[in-house]
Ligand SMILES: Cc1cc2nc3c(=O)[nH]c(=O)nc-3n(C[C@H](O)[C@H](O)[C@H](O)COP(=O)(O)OP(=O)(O)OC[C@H]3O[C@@H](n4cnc5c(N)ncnc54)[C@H](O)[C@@H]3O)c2cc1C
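Here's a solo chain for you in structure tokens, the form predicted on its own.
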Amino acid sequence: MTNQKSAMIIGAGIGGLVTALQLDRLGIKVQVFESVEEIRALGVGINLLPHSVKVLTELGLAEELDREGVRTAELAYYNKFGQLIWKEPRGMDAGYQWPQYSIHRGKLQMLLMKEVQRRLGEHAIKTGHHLAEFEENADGVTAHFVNRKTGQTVGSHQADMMIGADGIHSIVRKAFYPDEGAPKYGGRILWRGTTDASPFMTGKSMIMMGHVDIKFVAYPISAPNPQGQSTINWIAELTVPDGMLDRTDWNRRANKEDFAAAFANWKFDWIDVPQLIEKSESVYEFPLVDKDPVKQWAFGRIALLGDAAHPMYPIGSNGASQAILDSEALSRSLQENVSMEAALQQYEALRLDKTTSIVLSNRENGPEIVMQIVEDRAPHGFANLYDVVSRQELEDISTRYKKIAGFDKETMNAGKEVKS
């Protein structure tokens, strides 16, 4: 690209901010628009898998990730009685060339926001700009913005292309799929919180316990403080068939009484689940939702990215990582094509089928299916795990998901692209 091109990114979440850094590296003039008036460090813990960490490392963010996150050492699955089903090393402990990180989502977003402002300028992110409508012509895209609270017009912006990174409730997506409707409820509610507590297992372990109808996930998102306590991110999940009837907010404060009793007996010598729940100051609830995969993301000079393109269940620690991989594919496509429209079509071709496979795999519980297999075959626990499920079956499930999600170790370390 000889003449400087311009892009506007709708949404200053993780996907949008990483994309801004990617496009800036290509010499594209970038403006990011965000609905909220103030970006704050909200949310709880997320995981960044090695393939996304590779991308962030190439963007020069390795030191920041090490400072803010925890290098995940292992992942372990247990049944509801605290019996071990499967354990595997993760990140560099597993032999990857890049770590896996557990990190507070808000801290990651703030880290990325500051980096965008440092590299692109203080005014690269416009807050309080909610996308109202847009139109496209042969010369580019014009977007019109309002203040979401007041409804007042706050201006228009024109660019050569527009990337819709505006999340599961994407305005950009809705313009192309007006009849799609609300996100699809998966029949479960997730309650999420953080608790300062003594680290468990290696101190860098991620654990999942239970099965489809009742599950608990926990992992540290900070190094131990002087008192020896880490911030433990946890998720309690229950099947609630009619859970969407009175839940229109996807991130609202919740009452522990709604779910804590189901985990009252989950106290083991290596983790005390009732105590983690009890000591958490704030708990938020999230219905388990996604959307059906669509057949097109690129529309001329406009494309979808991240949750706007492929909202998925938070299974397999994959949502943020896939948005980051989208940004890499978009960058590569723009480098390899003179035509912006052709670049966006190539980006779609690189990513759409892969993420569709992940969305559908996550609906079948992805790698977490090992817990349901054991529950189905041994609902009262087991004396010998391998009487219930073979090691080979467990290994095959783990390996298959890594290939679907794009972080097969041998392929990654060899520098090849992982085929879905």
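In this text, residue numbers run from 1 along the sequence as written. In this text the structure is predicted, and so the values were computed from the model without any measurement.
Note that the form predicted in complex with the named molecule isn't included here; everything after this is about it.
The candidate stretches are 352 to 360, 29 to 37, 58 to 66, 370 to 378, and the one lying within 4.5 Å of the named molecule in the predicted complex by heavy atoms is 29 to 37.
Taking non-hydrogen atoms only, residue 220 never approaches the named molecule to within 4.5 angstroms in the predicted complex. Interface residue remark: residue 394 is not counted as part of the site for the named molecule in the predicted complex, having no heavy atom within 4.5 Å. Among heavy atoms of residue 45, some come within 4.5 Å of the named molecule in the predicted complex. At a distance threshold of 4.5 angstroms between non-hydrogen atoms, residue 205 is out of contact with the named molecule in the predicted complex.
Think of it this way: in the predicted complex, the named molecule has a heavy atom of just one of 87, 105, 157, 119 within 4.5 Å, and the residue is 105. In terms of contact with the named molecule in the predicted complex, the residue from 305, 162, 330, 236 that brings a heavy atom within 4.5 Å is 305. In the predicted complex, 192 is the single residue of 188 to 211 with at least one heavy atom within 4.5 Å of the named molecule.
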